[in-house]
Structure formats: C-alpha cells, structure tokens
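One chain comes next, on its own, written out as structure tokens in the form predicted on its own.
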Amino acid sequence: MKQPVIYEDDVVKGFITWSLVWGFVAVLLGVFISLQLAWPQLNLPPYLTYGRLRPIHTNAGIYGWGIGSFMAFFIYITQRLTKAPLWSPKLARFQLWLFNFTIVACAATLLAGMNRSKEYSEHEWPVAILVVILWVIFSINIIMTVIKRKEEQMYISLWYILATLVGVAVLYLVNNAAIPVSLTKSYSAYAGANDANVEWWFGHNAVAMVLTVPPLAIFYYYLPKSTGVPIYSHKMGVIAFWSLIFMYLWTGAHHLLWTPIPDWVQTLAMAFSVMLIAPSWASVFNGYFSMNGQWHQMRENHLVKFLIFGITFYGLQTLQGPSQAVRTFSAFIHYTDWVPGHVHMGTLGWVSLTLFAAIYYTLPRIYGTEIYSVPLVNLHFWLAVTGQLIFSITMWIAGVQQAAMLNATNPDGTLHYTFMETLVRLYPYWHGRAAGGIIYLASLLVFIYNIFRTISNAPSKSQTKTA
C-alpha cells in the first residue's frame, strides 16, 4: 500500500510568522522615515536619522518580509509539486534560526553606521558571509527535494524557484566581492565605473530574482489553487520564464544612463528593458486568461482579488520600468520622487498582495482551521490597495513636478527655480505619501490580527490526533 507523503510544515509556520514580524518592522520604519522627510525635526541623531533607518527599512522589507516569505512558500510549494517530503527538516529548522540571526545582525550593523553604500547590498562582509551560508543551506535543501521528487513533470513554479536559487547566489557573490580591512569595514573589489556597473547589474537583477521571479512562482501556484481552475497555458508560462530570465540579466545599466558607463552598455540595457515588456505581460495575460468564465470570483473569493490586483500591478510596473529605461525619459525623471512611487507599486502592490493571498490560503490549511474573518480580509485588501495607490500616485505627481522645476531654465540658460524652491513644493506630496503609508500600516495591522486569531482558533495537535 502506498504510504502518504508527510510534509514538513512546522518550519513553514515559523518562516511565515517571522516574515510577518519583519514585514511589520519594515512598514513601520517606512512610515516613520516618510514622516522624517515631511517633518525633519523627527530626525534624532545619531541613530534615528533617515540615513541610518532607510537601509534598515529596505533590508527588512526585501530580505525579512520578502525572502522570509519566499523561504516559507518555496518549502511549502516544492514538497507538494514534487510529492516528496523536504530533504532535510533539521536543516530547514537551522535555516530558520540563522535567517532571524542574520536579519538582526544586518539591522544592528546598519543602525551602528556600518554600511558599504551599495543599494540592497549594504551589509559589511561578516554579515554578507552569513547571508551566503544561509542561501547555500536553503538552496541545497530545495534542490535535493526536487532531485528526489516523485512527480516527473516540473510545473512552472518549480522553474521559477530554481532560477531564484541560482540567480540570487550568482548576483550576491559577484557584487559582494570585497577586500576586508577590519571586522567592520571592507572595500569593493571593483573601482569607479566598473563598481557602479556591477552594483546596478546586481541591483536591478535583485529586483528580478527577489521581487519578480519568486512572486511569479507563488502566483502560478496559488492562482489555480484559489480559483479551482488550471492555469491558462503552461507552455506560455515556460516560454515567458526563459525569456524573462535571459532578458533581465542585461538591463542593470539602465540605472546608469547619462553616466561614464560606455554608451553601448547603456543602449544594450535600454533595449533589453523595453523587450522585457513581452515576457512580463505574458504572465499577466496568463493570469487574466485563466480567469475566463471565473471573473465572478473577484467578488466571491477573498483570495482571488489579491492575486489579480497583484498581477495587474506587476503589469503596470513592467510598463513603467521600461519607459524609465529610455534615455530621454530617464533624463527627465531620474533622481526624482517618481522612482519611489514606481518601486513601491511593485513592493506594496505586486509582491505584498501576492504574499498576502498565499498566507491567507496556506496558514488555515497547515493549522487545520478556517480563516478567522473574511470581512477583515476584505477590509485588509481595500486598505492596502488604497494606501498603496495614494503612496504611488502622490509620488508620481511629485516626481513630474520636481523634474519639471529642476529642468526649467530662463532664456539665458540659468535655472528658473532654486533647489530650495523645488524642495518647498514637494512637502504637500510628502505629507500625502506619509498618509498613504499610514493607511497601508493600518491594513497590515488588520491582517496580522486576523492571522493571529486564525492561529489561536486552530485545534491543538492533540485535538487533531483525537479527531
């Protein structure tokens, strides 16, 4: 008689719980630093200043909330798509402890001012080594589970999972190559324009391999699970996957337009950025076409609207991004508030909405219970979408006005506005951004309360065994 597969879900619970903790910290810090920009007197040196807190905000969001959730769902999804138990549950439990230790070490060192000044890669070399160890442990466990799979067919989510493991490893190792001079200080192995080129090859592909590929793995798994209908086209998903992975690797230099980077490198990055619209929207259409005859679920199924709104924000993100990679538009909009509006549509809209849906689906099942309150789920959704839209739209408008004022000239070629005049005009928009962030924080509190009550109402293991 065939024995049922026993999945390792306790560690999934742990990763989801801690990702919620770090996600809350990230949003709380985000709201605080938005208030610091609007009211500079809230900067309290030396530790509670924007310069110290901003990298902690981004790292807690990307690595604590993002990577923590992806670790949870990669473990959960891989076991079910391979129909095999996790290769090493003990290694996964050690990974959970190391993950939290690394996040704390990252926050503590950044708060102390130990910062390599490389976007998304600020950690000094001892913390960077912890990240590498953590990722190697995680990758081995997932890859070995896939190798020992009982299911021969590899669903599209597994392709995205494996690409994440390999892509993050290569990017992080290359960009973090450094020469240590003490326990708390190191210098990049690269110099000048080469250092900038490598950094933004990493920076933009970190967006690819952390904020695009993993959410797509989760979206492709949870949309069919939530709707009860198969994905529209697995073949289209696989073609889009390989196109996305190939094209993304060439786009990093679009962050360096109008710099000393060679023109051909900039042009290559610009061309591949525009080409990225095709594979990105292939996934968007795959999601939309999967909803044929099922659009009523947007009203009736509390999970589906998170996923469809999430993939919609992804589609909008991948129209905005390529447009910003065009030289003429980049010259106008780069270094303005348009950019944080663009970024947060991805993080708060695409990534987080997809993760919210995955958590709402997964936790009740592994705890053997039902979601505590569907009305609270709906409240969470509308608060999150409202807060995110206020944030992003406010920043887009601010960015356009800021760019127009900074580029305005008099007939003799002198600047029409001083920097201070431009700065003063931005304060109302910064107030709006803070308001949007506060609404999003409120949505997160509703979410955490609902999850807490759901877990609290779950039967104990002894009750489950008795039942």
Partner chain sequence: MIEKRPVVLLLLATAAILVGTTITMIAPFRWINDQKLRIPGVKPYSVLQLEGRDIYIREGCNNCHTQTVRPLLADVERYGEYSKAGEFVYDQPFLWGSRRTGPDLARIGGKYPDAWHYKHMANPSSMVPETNMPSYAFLNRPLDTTLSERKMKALSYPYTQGDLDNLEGKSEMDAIVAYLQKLGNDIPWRAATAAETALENPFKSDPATISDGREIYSRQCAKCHGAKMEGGAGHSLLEEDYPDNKFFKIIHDGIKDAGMPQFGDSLSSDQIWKVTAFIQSRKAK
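Nothing here was measured: the structure is a model prediction, and the numbers come from that model. Residue numbers count along the first chain shown, from 1.
The discussion below concerns the form predicted together with the partner chain, not included here.
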The partner chain isn't shown here, but in the model of the complex which of 126, 89, 262, 368 has a heavy atom within 4.5 Å of it? 262
If the cut-off is 4.5 angstroms on heavy atoms, which of these, 442, 28, 406, 400, is the one near the partner chain in the model of the complex? 406
Spot the stretch among 151-159, 312-320, 343-351, 69-77 with residues whose non-hydrogen atoms come within 4.5 Å of the partner chain in the model of the complex. 151-159
In the model of the complex, residue 193 touching the partner chain (heavy atom, 4.5 Å): yes
Flag residue 305 as yes or no: does it have a non-hydrogen atom within 4.5 angstroms of any non-hydrogen atom of the partner chain in the model of the complex? no
Is residue 250 one of the residues lying within 4.5 Å of the partner chain in the model of the complex, judged by heavy atom distances? yes
Though only this chain appears here, would residue 83 touch the partner chain in the model of the complex if you measure heavy atom gaps against 4.5 Å? no
Neighbours of the partner chain in the model of the complex among 28-42 [non-hydrogen atom within 4.5 angstroms]: 37, 40
